[in-house]
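Take a look at this single chain, the form predicted alone, given in structure tokens.
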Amino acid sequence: MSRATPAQVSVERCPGGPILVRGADVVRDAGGTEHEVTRPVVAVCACGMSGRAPWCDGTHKVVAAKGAG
């Protein structure tokens, strides 16, 4: 498998949601563990509450809803 160069990888923060990573072969979490990427675009958890970390599982929606009430 060829690894993407930094010029080929893009990162976009979705307001109130995940971080979208395009073009990466690997995502490294805060602990340094590498997670293989098998899709062209992956959603990485930005709220820290995902049960599938480092991947987003939509928990940010529940967290936001509880905070709004």
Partner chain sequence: MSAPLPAARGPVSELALGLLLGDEPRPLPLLPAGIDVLRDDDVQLALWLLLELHHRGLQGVDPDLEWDPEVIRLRRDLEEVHLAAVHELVRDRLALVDPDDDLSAQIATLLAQDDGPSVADFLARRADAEQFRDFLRQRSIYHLKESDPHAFVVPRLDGPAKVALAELQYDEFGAGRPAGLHSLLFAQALQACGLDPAYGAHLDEARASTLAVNTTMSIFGLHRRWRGAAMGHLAAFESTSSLPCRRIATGSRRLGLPDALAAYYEEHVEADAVHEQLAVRNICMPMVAAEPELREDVLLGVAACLALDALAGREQLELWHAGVTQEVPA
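Residue numbers count along the first chain shown, from 1. Quick caveat: nothing in here was measured; it's all calculated off a predicted structure.
The form predicted together with its partner chain is left out here; the points below concern that form.
Proximity of 28, 34 and 46 to its partner chain in the model of the complex is absent: no residue of the three has a non-hydrogen atom within 4.5 angstroms. Of the heavy atoms in residue 9, none are within 4.5 Å of its partner chain in the model of the complex.
In the model of the complex, at least one heavy atom of residue 62 sits within 4.5 Å of a heavy atom of its partner chain. Taking non-hydrogen atoms only, residue 24 never approaches its partner chain to within 4.5 angstroms in the model of the complex. Contact residues in stretch 30-49 (any heavy atom within 4.5 Å of its partner chain, taken in the model of the complex) are 39, 40, 41, 42, 43.
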